[in-house]
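This document starts with one chain, in the form predicted on its own, laid out as structure tokens.
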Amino acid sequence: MRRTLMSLPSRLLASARQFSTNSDKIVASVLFERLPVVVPKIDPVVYAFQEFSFRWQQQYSRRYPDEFLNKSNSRAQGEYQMEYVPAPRITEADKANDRKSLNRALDRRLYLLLYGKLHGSSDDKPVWHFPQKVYDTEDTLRKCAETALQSVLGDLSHTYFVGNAPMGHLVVQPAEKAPDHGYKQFFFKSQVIATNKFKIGKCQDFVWVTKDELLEFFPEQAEFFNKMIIS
């Protein structure tokens, strides 16, 4: 009796997959992001507070003798002394507004968007979308998301998936002309690791965009993405 009860859920799951309709379709999408490369600029209010705190602490800080400070300065000067020249925040890709380059918006996060036919869609019209795949025979939804990203990049050697659970869930309602094309979309976060260039394929076009730019591509879901993408 116990063996029969334990095998019941698996049979129900197989039955549900067999008789599922297109409206129950599940799609795994990947929010593939490049983290900031440089420290973001400090907000003027935060900078003013830090400046005030520093000057306030200086009033009560202990002053070191001049002899000690002179010795410290002399130690810093030698044949191994190097001059630090900060790299420019504005790159050539920023000036040219090259959205295919990862070498732009260095103090912001960038997200990958693809232009082409949606995977598993019966509509041949190309649209902007995330790397995604219809959930089929994969063991988990994350495996499905990994397959979706791998099909675009070729391999996952320079990627890192953050966690096993999706970061967001969106129910896409079917259109009036296609009432059976609704689906449930689960988003997984993945990050760029140790590279600044990818060979992206299986799409007509692609862009790396900031959060503000991303919202312009999806005006109808802008509120949802604004809440899901924190930074």
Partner chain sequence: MFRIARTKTLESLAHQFVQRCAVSGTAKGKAKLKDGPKKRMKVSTKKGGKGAVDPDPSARPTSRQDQEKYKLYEQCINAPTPVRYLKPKDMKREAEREKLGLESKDRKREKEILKKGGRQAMGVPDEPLMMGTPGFDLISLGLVDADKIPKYELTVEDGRRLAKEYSRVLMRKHRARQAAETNLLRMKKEAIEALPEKLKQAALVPDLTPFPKERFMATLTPPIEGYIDKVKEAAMRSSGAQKIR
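Source: prediction; values computed, not measured. Numbering follows the first chain given and starts at 1.
Keep in mind that the form predicted in complex with the partner chain is missing from the display, and what follows is about it.
The candidate stretches are 141-149, 125-133, 92-100, 110-118, and the one lying within 4.5 Å of the partner chain in the predicted bound form by heavy atoms is 141-149. A residue is said to contact a partner when one of its heavy atoms sits within 4.5 Å of a partner heavy atom; G201 fails this definition for the partner chain in the predicted bound form, lying far away. The partner chain is not shown here, but in the predicted bound form it comes within 4.5 Å of a heavy atom of K184. Proximity of P88 to the partner chain in the predicted bound form falls within the 4.5 Å heavy atom cutoff. For V172, no non-hydrogen atom is located within 4.5 Å of the partner chain in the predicted bound form, even though that partner is not displayed.
Contact residues in stretch 190-214 (any heavy atom within 4.5 Å of the partner chain, taken in the predicted bound form) are Q191, I193, A194, N196, K197.
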